[in-house]
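Quick heads-up: it's one chain on its own, the form predicted on its own, in structure tokens.
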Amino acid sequence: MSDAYGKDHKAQAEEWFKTFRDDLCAALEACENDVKSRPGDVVVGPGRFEQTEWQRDDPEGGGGVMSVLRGRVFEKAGVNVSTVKGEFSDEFRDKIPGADVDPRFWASGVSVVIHPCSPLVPAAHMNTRMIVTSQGWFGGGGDLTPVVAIDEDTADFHAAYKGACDKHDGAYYPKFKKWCDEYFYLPHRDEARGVGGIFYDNHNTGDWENDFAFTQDVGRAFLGAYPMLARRHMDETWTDEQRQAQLVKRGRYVEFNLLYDRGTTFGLKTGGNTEAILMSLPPEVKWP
């Protein structure tokens, strides 16, 4: 595997993903604390994350922690971390950079999917990861999926990511925004999954410290933007029609994650925990 991404680099990245998990879970639980309760709330008190550890079948293959909250603001919010290693199967080696030279891999990351109770609060996804084969790189990003797009929310979310990108390279935001728009797209429906954000992969400029700093800033941008958007709308009243529209929109989310999502494929092809991988799916959904 790549010498450029050594043990110290791996340890730093793994620790950061855990720290980010803790910080984001705390921010989402704070929303749960502050929302106004409504008559008929399924969850009476503030929701809290429940953590479940898992290990790969190979004792030396690592594992992760699945953190899931079911609450008054967030119908289902998952913030998972994992660090795994092993060998890619023959059928998967030619799909991963560097795996054709050496099938061994190491991967660590955090994966976030949030499905809110209110159709006025946008659903969101975010992840960052570090992968090492005979090469090494970072990847990740974040995107927003509202039921009905609100210009102010979209602008604030994108501004957070533009700020994170511009700290490192003025070319990053337009490049990674375009990549996100093209990636989070459902060709069978000829529509975007949401209002976008950024997406990047195979990111290795040759400066590990800067690439790692950028990946951290991607996480911080989401941490600063998304809880703010949730608080902006979590106390607003919604209608049954809006709820039904939300359930249909979630169907689009399911279609993308099962048909096109790289993370889903990577997790299943490398022997990851099925429940953690499919944590991204919403708890309730419908198709018209």
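Since the structure is predicted, the reported quantities are computational estimates derived from the model, not experimental observations. One rule holds for the numbers: they count along the sequence shown, beginning at 1.
Omitted here: the form predicted in complex with a further copy of the same chain. The next part is about that form.
Student: Residue-level question: is A11 within 4.5 Å of a further copy of the same chain in the model of the complex, judged on heavy atoms?
Tutor: Residue-level check for A11: no, no contact with a further copy of the same chain.
Student: Taking any heavy atom pair closer than or equal to 4.5 Å as contact, tell me whether R70 reaches a further copy of the same chain in the model of the complex.
Tutor: R70 belongs to the contact set for a further copy of the same chain.
Student: At 4.5 Å between heavy atoms, is A26 in contact with a further copy of the same chain in the model of the complex?
Tutor: Flag for A26 set to no.
Student: Please determine whether T19 contacts a further copy of the same chain in the model of the complex, using a 4.5 Å cut-off between heavy atoms.
Tutor: No.
Student: Pick from 130 to 138, 188 to 196, 77 to 85, 209 to 217: which stretch has non-hydrogen atoms within 4.5 Å of a further copy of the same chain in the model of the complex?
Tutor: Result for this chain: 188 to 196.
Student: For the stretch 256 to 288, I need every residue with any heavy atom inside 4.5 Å of a further copy of the same chain in the model of the complex, listed N to C.
Tutor: The stretch touches the partner through L258, L259, T265, L268, T274, E275, L278, L281, P282, P283, E284, V285, K286, W287, P288.
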